[in-house]
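Only one chain is given next, in structure tokens, and it is the form predicted alone.
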Amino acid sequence: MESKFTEVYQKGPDDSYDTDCSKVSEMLDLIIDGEATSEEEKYFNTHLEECVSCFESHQKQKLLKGIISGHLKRVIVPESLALSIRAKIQETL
């Protein structure tokens, strides 16, 4: 069974460079948030080595996330609230 990454991001023989940029753009949030698989990270980083435009977009996103996260406070909520929220999310899936 192939992973979602392989199904979605595997490069076909007719894919152009623009398609690679589109794939990398779609992966940007996963990479920035540290939620990408090692396979996705490898694909992403390989593309960034060759594409200045995508590299610059990645750097801007990292900078923006750093600025925003530097101004946010982490709030501890009661465990019952967290469990309730998780349960509601699971219901919607």
Partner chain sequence: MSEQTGKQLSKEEKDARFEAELLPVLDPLYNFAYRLTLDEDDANDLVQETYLKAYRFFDYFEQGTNAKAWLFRILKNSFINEFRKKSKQPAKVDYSEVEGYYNSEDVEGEGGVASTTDMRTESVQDLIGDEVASALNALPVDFRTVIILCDLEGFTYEEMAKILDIPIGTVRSRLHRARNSLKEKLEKYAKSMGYNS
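Basically, rigid core = biggest C-alpha set you can superpose within 1.5 Å across the two forms. Values in this document were obtained by computation on a predicted structure and should not be read as measured data. Positions refer to the first chain, counted from 1.
The following text describes the form predicted together with the partner chain, which does not appear among the structures shown.
Residue contact check for V52: none of its heavy atoms lie within 4.5 Å of the partner chain in the predicted complex. Proximity of K60 to the partner chain in the predicted complex: non-hydrogen atoms within 4.5 Å are present. Of the heavy atoms in C21, none are within 4.5 Å of the partner chain in the predicted complex. Within this chain, K42 is remote from the site of the partner chain in the predicted complex, having no heavy atom within 4.5 Å. Using a 4.5 Å cut-off on any heavy atom, the residues of 29-62 that reach the partner chain in the predicted complex are, in sequence order, D29, L30, I32, D33, E35, K60, Q61.
Once both forms are fitted on their rigid core, the CA atom of S84 lies 2 Å or more apart between this form and the one not shown.
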